[in-house]
Each structure stands twice: as structure tokens, then as C-alpha cells.
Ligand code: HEM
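A single chain comes next, written as C-alpha cells; it is the form predicted on its own.
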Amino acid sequence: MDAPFPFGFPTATAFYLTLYVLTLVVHVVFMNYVVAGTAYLAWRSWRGPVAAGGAGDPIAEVLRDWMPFALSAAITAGVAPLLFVQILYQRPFYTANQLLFHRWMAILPVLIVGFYLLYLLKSGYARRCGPLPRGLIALGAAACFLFTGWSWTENHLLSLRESSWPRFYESGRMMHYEAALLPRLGVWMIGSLPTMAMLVGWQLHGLRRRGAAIESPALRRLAWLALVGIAGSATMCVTHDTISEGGLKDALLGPMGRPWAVLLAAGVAMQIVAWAALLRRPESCTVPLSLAAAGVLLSILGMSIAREILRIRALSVDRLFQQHEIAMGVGGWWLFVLLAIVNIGVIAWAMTLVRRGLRTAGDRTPQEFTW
């Protein structure tokens, strides 16, 4: 394909590719909050009771209170891209996963355990107990989401190796490993830090506007976390590109990816400028956080498209063009749009109720705030 992604494909294929990438971006935003947030909580929970519990670390308090909601949002937002990827790639993705049923479905009980660990972490018991049990709870939740991310990455790489399927399934193996797995996982796991930092930064900014005492060190810590995430994710990208013999670089610099590579580079540059500004003047964070938010979205979009270009190059997608046309001709789009509107409305209504509750809480003094 010589046209930028998703142009150059038949209408139906381009339509599904666009929907898939856009819904994936929404999922990745929430997923990044959960992955980086639980890792941060696991780190902070081993500290003393003030650092992990009381008013000592507003970042940990915000994450602890919002994490169950964020996980619900990440799982819900992951449904749409999962459906679209099955339409797009069919046998290389969906049928292969049916053969992996005993292994692939393991993420469901693991996610359930992680969900309840997050509720336990924000309970009164976790706040009263010592660093060891609190740290184990947080570490258990983080391990659940690390396992889920590992499984997604493992399954994605296996779906690209069609020639290895017979030998893999005949042997009854439960795990797929190749050299690219760890750096590929690292790109997304370490790269989740800037997204989490940006979202928590806005949450702290909102609390500060409502009278909570948010000190500058908390915002500076977010800036450092984001910069570490950007540097670490870039390192993992270079490592992955070296292992895959230029695959990622070729995907970004080829005709399909070149315009998106420019936006990706712009997004990274915007983030670096934003977090550097926040380090210098944490008391004035509206503009840096706005710039960071735009940079995060451009970066996630660029990396998601690069990921898809790699998959398109690895699979013979042109053989599926006719199936995409057939799928697009199936009725029911009006129902999909209607349910999407209803769900967005319900989520917006729920968020409005939360904001009203926070405004009511704003009548108290900062010392009386409950997170």
C-alpha cells in the first residue's frame, strides 16, 4: 500500500480499520491509567502508613479511589476493538483464540481477582493495616494486570505466526514466547506512565481548584514519572525494532505510516515540553496539562497505527477484503449506533453525578477532604 493508513484500502476495510484504531485508543487511555496506576500503588503501598494512606501522597489517594472505575472503563472500552479486530482479521485472530480457549480465557478470572483486590485496597481494612499486607494487595492487583498485558501481547504475536500454529497446538503448549515479546510488552507497559500522570494531574488540578491542599512535589513527581515513561518506552521501541530487524521503523517511515510518524513525534515533543514546564512551575499547570493531554493522544494514536501496520504487513489482509464487504452489508448498524449513544449518555450522567458530589464536598475545608 502506497497511501497513508487507512487510505488505499477498500471502503469497508478502511471503515473497520478506522473504527478499530479509534476505539483502541479509548481503551488504551483507560488501560494505561490502570496499569501504571496499580504499579504506582504497589510501589507506594510498601511505604509507611502516611505515605500510602493518609494525606501524605495525594497521587496514591486519587488512584486508590478511582482505580475500580478505571478498570471498569478499560474493560468496557476494550469490547469494541475486540469485536472490530475479529471482523478485520477473522481466522488469524478469532479462530486461533478458540483453539487457545483454555489459556486465553484465563484472563477473565485473573481480571475478576484484580478487580476485587482494587476494592480491597481502598477499603478501611487496607488503610488500617501495615505496609506488608497493603503492599501485597497492591502487588497482587498489579500482577493481575501485568499477566493480562502479557497474555494480550503473547496472543497477538502468536496470531502473526500462522506457520507455527500446527506445531504449537499439537504440542499442547500453554505459552508462546519469542524475543520480541518483552520489548513489545515494555513499550505499552512503560509507556502507560505518561498517560496516567496526565490524567492524575488533571484530577489533582480539579481537587486543588475545589480547595484541597495539593502540594507542588506531587505534581513534580508526576512530571518525572511521565518523563521516565517516555524515555523507557522509546528505549523499548528501539530494542523491539532491533530484534524485529527494522519492522517498527519501516512501518512508521513507510508510505502508510509516515504522516502518523510525524504526529507521533509531535506528540512526544509536546509531552516533553509540557512536563518540563510543569517541573519548573508546578503551581501553574493548566497549560502544561492541556499540552500533555494532546501529546498523549497523538502518541497513542501514532503507536496504535504503527502496531496495525505491522499486523497488516504480516498477514495477507487483501484476501479478506470480500469478507469485509459482506460484513458491512449486514444490517444492524442503527442498533449499534443507538446503543453507543445510550451508553455514552449513561456514562456522562454517572460522571455528572460524581462531579456534583465533589462540588458538595468542596464546601469543606481542605483538612476535611475525603478522597
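Start at 1 with the first residue shown and count on from there. Bear in mind that the values here come from a model prediction, so they are computed numbers and not experimental data.
In what follows, reference is made to the form predicted together with ligand HEM, a form of this protein that is not presented.
Chemist: For the chain shown here without its partner, which stretch in 199-207, 70-78, 252-260, 130-138 has non-hydrogen atoms within 4.5 angstroms of ligand HEM in the predicted complex?
Modeler: Heavy-atom contact with the partner occurs in 70-78.
Chemist: Using heavy atoms only and a 4.5 Å cut-off, decide whether all three of Trp224, Gly267 and Leu301 touch ligand HEM in the predicted complex.
Modeler: No, none of the three is in contact.
Chemist: Answer for Leu24 alone: is it within 4.5 Å of ligand HEM in the predicted complex, judged on heavy atom distances?
Modeler: Contact with ligand HEM, yes.
Chemist: In the predicted complex, does Ser233 have a heavy atom within 4.5 Å of ligand HEM?
Modeler: Heavy-atom contact with ligand HEM at 4.5 Å: absent for Ser233.
Chemist: Report yes if any heavy atom of Arg184 sits within 4.5 Å of a heavy atom of ligand HEM in the predicted complex; otherwise report no.
Modeler: Within the cut-off, so yes.
Chemist: Verify the contact flag for Gly247: yes if a non-hydrogen atom of it lies within 4.5 Å of a non-hydrogen atom of ligand HEM in the predicted complex, no if not.
Modeler: So Gly247 does not count as contacting ligand HEM.
Chemist: Scan Ala126, Met189, Leu158, Leu291 and let me know which has any heavy atom within 4.5 Å of ligand HEM in the predicted complex.
Modeler: In short, Met189.
Chemist: Just to be sure I understand the contacts: of Leu111, Leu120, Val273, Val238, which is the one whose heavy atoms reach within 4.5 angstroms of ligand HEM in the predicted complex?
Modeler: Residue within 4.5 Å of the partner: Leu111.
Chemist: Scan 284-315 and note down the residues that get a heavy atom within 4.5 Å of ligand HEM in the predicted complex; none is a fine answer too.
Modeler: Counting only heavy atoms within 4.5 Å of ligand HEM in the predicted complex, the contacting residues of 284-315 are Arg307, Arg311.
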